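We begin with a single chain expressed as structure tokens, specifically the form predicted alone.
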């Protein structure tokens, strides 16, 4: 369905003298990450497994924030790649077991080198935002496509920050669980009613024996709290939390990294928050990532994908 969304843009690319691509080039549902280590500083050391206790459901309203992106190669102007993207973000709130929409945002993008965008500009619909790829480096189709993907990531992050701002303007004290890192935004990193829920483990915070402790964490346990090394804009505290047993499956099965503000308040309440998060395991999402995907976040993602499918 998303490919149909990009069909008019491919037609405009052809009219501008470009060569369209007939297949999607890495139609990505999420941000790209590179596997790496970034050593963390232990705040609650030594690193160990801590049983957090039985799950306890939130009784008050809880919000869930997520974003989606769909990226396709539209084609080429000369040898310059032109990418199209559909980027969305939303906050949905659960009250009395019912999830409803609080706020959402949507952008359609075309990303390419400036001179390629200049050729396309006369035929682009007004609702499509053009984002230029930095042309300081010599043209390289693969490198330019990678830079374009990074710009789409940035646009999605900006939408997520915007919907969070709108949500907080009307519900300043409602708990909000974010799909991803709080370190993206200084406001998020300071928000005492916000937790980041990170499913990806491309970046690992420990090596050697500490890595073994981190990756063999039993279900219903968290690690000691640590301060992750980050190139983002705001410091946070973090801990790993295992939702489901991993033995016989995979080291990453059911493993999340939870982020919260870097405060004494987080040190005091990490166990209680972890018990609430354990209660969010049910119902199980109908998704291949169900072992690490909280149902409320899955609900937002499913809503956004349905909206994208509707054009």
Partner chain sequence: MSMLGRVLATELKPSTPHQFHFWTAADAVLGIGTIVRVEGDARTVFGVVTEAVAYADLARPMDAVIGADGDPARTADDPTLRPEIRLWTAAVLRQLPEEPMQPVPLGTVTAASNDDVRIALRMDAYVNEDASTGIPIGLYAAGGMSAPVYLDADFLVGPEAAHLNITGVSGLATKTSAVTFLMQSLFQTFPAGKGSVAAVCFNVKGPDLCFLDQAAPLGTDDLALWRQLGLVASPFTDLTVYAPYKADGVNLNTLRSHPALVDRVEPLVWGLREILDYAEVVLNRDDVDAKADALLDFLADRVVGKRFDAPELRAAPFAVETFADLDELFRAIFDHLETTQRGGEVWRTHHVATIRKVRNRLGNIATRARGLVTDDGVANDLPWGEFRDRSVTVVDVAGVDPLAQDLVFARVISRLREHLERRDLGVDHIVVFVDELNKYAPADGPETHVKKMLLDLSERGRYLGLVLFSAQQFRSQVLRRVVGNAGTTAYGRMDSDELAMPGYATLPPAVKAKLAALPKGELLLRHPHFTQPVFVRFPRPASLSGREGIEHFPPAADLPFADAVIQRLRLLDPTVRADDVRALLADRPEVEVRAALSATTRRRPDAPFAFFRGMLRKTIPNTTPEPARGITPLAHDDADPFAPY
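Since the structure is predicted, the reported quantities are computational estimates derived from the model, not experimental observations. Numbering follows the first chain given and starts at 1.
One more form of this protein, predicted in complex with the partner chain, exists but is not displayed; see below.
Q: I need to confirm a contact call. Of 51, 282, 43, 272, which residue comes within 4.5 Å of the partner chain in the predicted bound form, counting heavy atoms only?
A: Checking each option against the partner chain in the predicted bound form, the one that comes within 4.5 Å is 282.
Q: Using heavy atoms only and a 4.5 Å cut-off, determine which of 199, 147, 94, 168 is in contact with the partner chain in the predicted bound form.
A: Comparing distances to the partner chain in the predicted bound form, the residue within 4.5 Å is 94.
Q: Can we say 108, 154 and 306 each have a non-hydrogen atom within 4.5 Å of the partner chain in the predicted bound form?
A: Contact check failed for every one of 108, 154 and 306.
Q: With the partner removed from view, which of 216-224, 139-147, 157-165, 94-102 is the stretch that lies within 4.5 Å of the partner chain in the predicted bound form, judged by heavy atom distances?
A: It is 94-102 that comes within 4.5 Å of the partner.
Q: Might residue 57 be said to contact the partner chain in the predicted bound form, defining contact as any heavy atom within 4.5 Å?
A: Yes.
Q: Would you classify residue 10 as touching the partner chain in the predicted bound form, given a 4.5 Å non-hydrogen atom cut-off?
A: No, residue 10 stays farther than 4.5 Å from the partner chain in the predicted bound form.
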